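For reference, the chain that follows is the form predicted alone, supplied as structure tokens.
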């Protein structure tokens, strides 16, 4: 890859972090939908708060809590420090970690260390490699896949679906043909689990069924209500090309806020699993606007195995409060469990949710 191409990639990754930290990139007029639910209060919980256990499993491995630090960054020198801190924190809490897109590692070996540092700092937790759907559609060689997995000593591979982001990205790849066929080949190529995640527009039950039939192990819904990556890329586009819109003003607001709310994704995919026993073992991650332990708790009751967060974790890391933020979220979760009368995560999953009036 040329130096100019490498510079463009590094600029993009820098910009993504900077815009996510400081830009107005939240959905407008659309929420996750998680706030519409509340747990039925148990006036006789019959549990001791000190006995509450947040541990659970993900892909057959015990983890400290039903929370994942979601895919963020990598591929440039400063990212190594970010990933080091994220990995150390994930190791401290014994929770899974996903790295950012590893496309650059396939094109240039210069910044592979920014990803490899995660395993050095987190020797025991689950770490997941990450590549985009356009790269999968083009066909990944076995050596490409092996390099990414070996670099992290990974526990699996995340493939992110980001059609809306690519549509708005100045240098985006909008050729999404053959993604499903190549995914099916990928699931037959590697023995490790494959996680499919959106990046903020959600995954419908129809798409979830296609993915599960292709052999995918986990679906991360990454629904609407958190970051709009369309807005992130629109900011980058405006910086490069000015304010002349590619889309009509009437359509732009709809496109920038396009997506299925997180809670709706969870409800629909849970129904899919309930109706199709062959999908019962598939695991679901709730992400897209997770902002507290309440959101985690509601997600679990809506069918998620765990919840994941990226932007909130990135902001907390930037502010030097990452461990404190996770601690407060887990305290939120414990409080919900206490007030519902649940001592384990499995018991919480079966507690009654009410729709708020």
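Computed from a predicted structure; not experimentally measured. Numbering follows the first chain given and starts at 1.
FYI, the form predicted together with a small molecule isn't displayed, but the following is about it.
A.B. asks: The chain here is shown without the small molecule. Which stretch in 94-102, 147-155, 248-256, 180-188 comes within 4.5 angstroms of it in the predicted complex, by heavy atom distance?
C.D. replies: In short, 94-102.
A.B. asks: Is there a non-hydrogen atom of residue 306 within 4.5 angstroms of a non-hydrogen atom of the small molecule in the predicted complex?
C.D. replies: Answer no; every heavy atom of residue 306 is more than 4.5 Å from the small molecule in the predicted complex.
A.B. asks: So in the predicted complex, is the small molecule close enough to residue 229 to count as touching (4.5 Å, heavy atoms)?
C.D. replies: Residue 229: contacts the small molecule in the predicted complex.
A.B. asks: So in the predicted complex, does residue 289 come within 4.5 Å of the small molecule, heavy atom to heavy atom?
C.D. replies: So residue 289 counts as contacting the small molecule.
A.B. asks: Within 4.5 Å, heavy atoms only: does residue 310 come near the small molecule in the predicted complex?
C.D. replies: Yes - in the predicted complex, heavy atoms of residue 310 and the small molecule come within 4.5 Å of each other.
A.B. asks: Only one of 125, 72, 140, 208 gets a heavy atom within 4.5 Å of the small molecule in the predicted complex. Which one?
C.D. replies: Looking at the other structure, the residue within range turns out to be 72.
A.B. asks: Of these, 301, 326, 314, 65, which has a heavy atom no more than 4.5 Å from the small molecule in the predicted complex?
C.D. replies: It is 314.
A.B. asks: Please determine whether each residue of 270, 273 and 351 possesses a non-hydrogen atom within 4.5 angstroms of the small molecule in the predicted complex.
C.D. replies: Contact check failed for every one of 270, 273 and 351.
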